[in-house]
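Heads up, the chain below is alone and in the form predicted alone; it's given as structure tokens.
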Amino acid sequence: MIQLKSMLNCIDNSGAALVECVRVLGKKRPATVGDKIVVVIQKQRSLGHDLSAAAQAAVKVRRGDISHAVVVRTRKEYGRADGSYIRFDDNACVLINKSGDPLGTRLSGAVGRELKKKKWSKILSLAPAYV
């Protein structure tokens, strides 16, 4: 359950490490796996102390930027149609652009299977595993 002021880990290589939810798009309830949210980048990933021009170009977002994201893991357990319940260790998201494509080219960690049902196949193809 992701709502206003919820902090999430960003699991792609777009340059963001920690983001804060400022809006849940498309519904009046808290966001769950597969829902789209608006986030503010709170913390950037460190790339080392001396940044070359190539490393600076690889960073797609900066601290304070506003971006759209898709929730891929939540701490709050939720039920599935087969009767099982699933819960992850953290809240996590993937940053996307306005057309819905991920900003990063690599994901770290598993994502929820509900992304398949909600038509986020591009994120599923980048993920190393889905549970």
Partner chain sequence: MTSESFRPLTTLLHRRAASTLSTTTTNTLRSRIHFATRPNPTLPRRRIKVHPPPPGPPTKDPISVLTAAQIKALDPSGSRAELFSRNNPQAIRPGDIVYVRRKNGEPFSGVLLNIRRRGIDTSILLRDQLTKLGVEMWLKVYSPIIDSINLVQSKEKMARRAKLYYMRKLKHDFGPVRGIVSDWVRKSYAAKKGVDKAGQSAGQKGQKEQKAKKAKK
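As the structure is a prediction and not an experimental result, all values here were calculated from the model. Positions refer to the first chain, counted from 1.
Quick note: we don't show the form predicted in complex with the partner chain, though the next part is all about it.
Partner contacts here mean any heavy atom within 4.5 Å of the partner chain in the model of the complex, and among 62 to 70, 78 to 86, 37 to 45, 98 to 106 they occur only in 78 to 86. Under a 4.5 angstroms non-hydrogen atom cutoff, the partner chain in the model of the complex lacks L4 among its neighbouring residues. In the model of the complex, the partner chain lies farther than 4.5 Å from every heavy atom of L18.
In the model of the complex, the partner chain sits within 4.5 Å of a heavy atom of R113.
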